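One chain follows as structure tokens, the form predicted on its own.
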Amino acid sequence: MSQTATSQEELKKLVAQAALNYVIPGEYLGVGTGSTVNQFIDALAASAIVIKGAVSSSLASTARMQALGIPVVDLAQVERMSVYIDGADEIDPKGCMVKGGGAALTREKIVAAQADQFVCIADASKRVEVLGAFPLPVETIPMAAPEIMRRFKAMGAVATLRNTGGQPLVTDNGQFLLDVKGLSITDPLGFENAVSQWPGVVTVGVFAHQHAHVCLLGTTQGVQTIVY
């Protein structure tokens, strides 16, 4: 592993550990998906914190938590969660994010909407001034994918179907994912509202409605806490 990758992994561990301070014992906890969240799950399992249960945003996170003895409950059993902890592919100065690199954006947005607070855990490379450098994930109904790709092309962007093993990636919800390059999202809320209305779009990976309330940002100087 390269020195850069090692440093990034260390930053992920730092923010994962810091996120434990936001977990309220005896309450339900929302848990996201991705490599940084995996570090958080490991830290939670190793801690002495006892929670009522975790609501998971993906099958992968569910499997990891269950393997480590963390109780996982279905969202239907939970009216509210005190906090939702998840990573981001990008986060801007107002706490708006691009998410979905791990293909779980729809469930992440659903779980985040039922939490009182969204705590984003990320390394410093995810902090951007304007969203769009990272390819924007958009979950779509399969039959609508070609038309949605054409709509993005008309905006001057390029949307490609995410593949795995030579076949279209199928999400936990049975849908396709597009990754969109060439965007500069200066109005995240307006963009999220507009694209969400396109027929066939299940979820757009801009999190402006469900923006972060706190970001624990891993930097070479330690964990920086940013409140929005």
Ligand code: 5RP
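Values in this document were obtained by computation on a predicted structure and should not be read as measured data. When you see a residue number, it is the position in the sequence shown, counting from 1.
The form predicted in complex with this ligand exists for this protein as well; it is not shown, and the discussion that follows is about that form.
A.B. asks: Check Lys109 for me: does it contact this ligand in the model of the complex (non-hydrogen atoms, 4.5 angstroms)?
C.D. replies: Flag for Lys109 set to no.
A.B. asks: Though only this chain appears here, would Met81 touch this ligand in the model of the complex if you measure heavy atom gaps against 4.5 Å?
C.D. replies: Met81 lies outside the contact set for this ligand.
A.B. asks: So, Ala103 and this ligand: in the model of the complex, are they within 4.5 Å at any heavy atom pair?
C.D. replies: Yes - in the model of the complex, heavy atoms of Ala103 and this ligand come within 4.5 Å of each other.
A.B. asks: Closest heavy atom of Asn173 to this ligand in the model of the complex, within 4.5 Å or not?
C.D. replies: Taking the distances in the model of the complex, the answer for Asn173 is no, it never comes within 4.5 Å of this ligand.
A.B. asks: Only one of 149-157, 93-101, 69-77, 109-117 has heavy atoms within 4.5 Å of this ligand in the model of the complex; I'd like to know which.
C.D. replies: Stretch 93-101 is the one.
A.B. asks: Quick one: from Thr186, Asn193, Asn163, Ser35, grab the residue that has a heavy atom within 4.5 Å of this ligand in the model of the complex.
C.D. replies: Filtering the options by heavy-atom distance leaves Ser35.
A.B. asks: Let me know which residues along 77-91 have a heavy atom within 4.5 Å of this ligand in the model of the complex, or say none if there are none.
C.D. replies: Asp86, Gly87, Ala88, Asp89, in sequence order.
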